[in-house]
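A single chain, nothing else alongside it, follows as structure tokens in the form predicted on its own.
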């Protein structure tokens, strides 16, 4: 059995960058999801399976496509990460969990691990439907009923308007540590 594999979906490079760093640290391959599907990668062959995708709304893009490859045995060896530019709040984490791992293992009986990693957003690079969705998201952001909710909404609007780069190799340290535990390295 191979030690680990990183499978990912990336649109503008943040998720791919994390996948490459994780693979480098673990000494394994980073493979785009479509390539893994074409190759017929068997996830049962790995001690640790890592999937990364970018967050749109509250879901991790293409996780539903990836999830078709999962069963209880793989779920025990699974780490998922989503990249985005929202703050890492308990509410945000719970929403992303619910739209990804929570759909297939609501009580996390298999012990899958999920991370939200800071992404990159460059407004000038966003086109088509994504640009339209970001305009809607900006309009929908409400001030909120509490000072904290208003501050979070203001931060997101600022990031949508001006962009943000939160991608850092430091963000993967805990994920890599958890992956090493799953493959038996301390």
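Positions refer to the first chain, counted from 1. Keep in mind that what you see is a predicted model, and the values were worked out from it rather than measured.
A second form of this protein, the form predicted together with a small molecule, is not displayed here; the remarks below concern that form.
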_At 4.5 Å between heavy atoms, only one of the stretches 41 to 49, 25 to 33, 62 to 70, 118 to 126 reaches the small molecule in the model of the complex; which one is it?_
118 to 126
*Partner contact for residue 13 in the model of the complex: the small molecule, 4.5 angstroms, heavy atom*: yes
*Could you confirm whether residue 58 comes within 4.5 Å of the small molecule in the model of the complex, counting heavy atoms only?*
yes
*Spell out, yes or no, whether the shortest heavy atom distance between residue 80 and the small molecule in the model of the complex is within 4.5 Å.*
no
*Using heavy atoms and a 4.5 Å limit, would one call residue 133 a contact residue for the small molecule in the model of the complex?*
yes
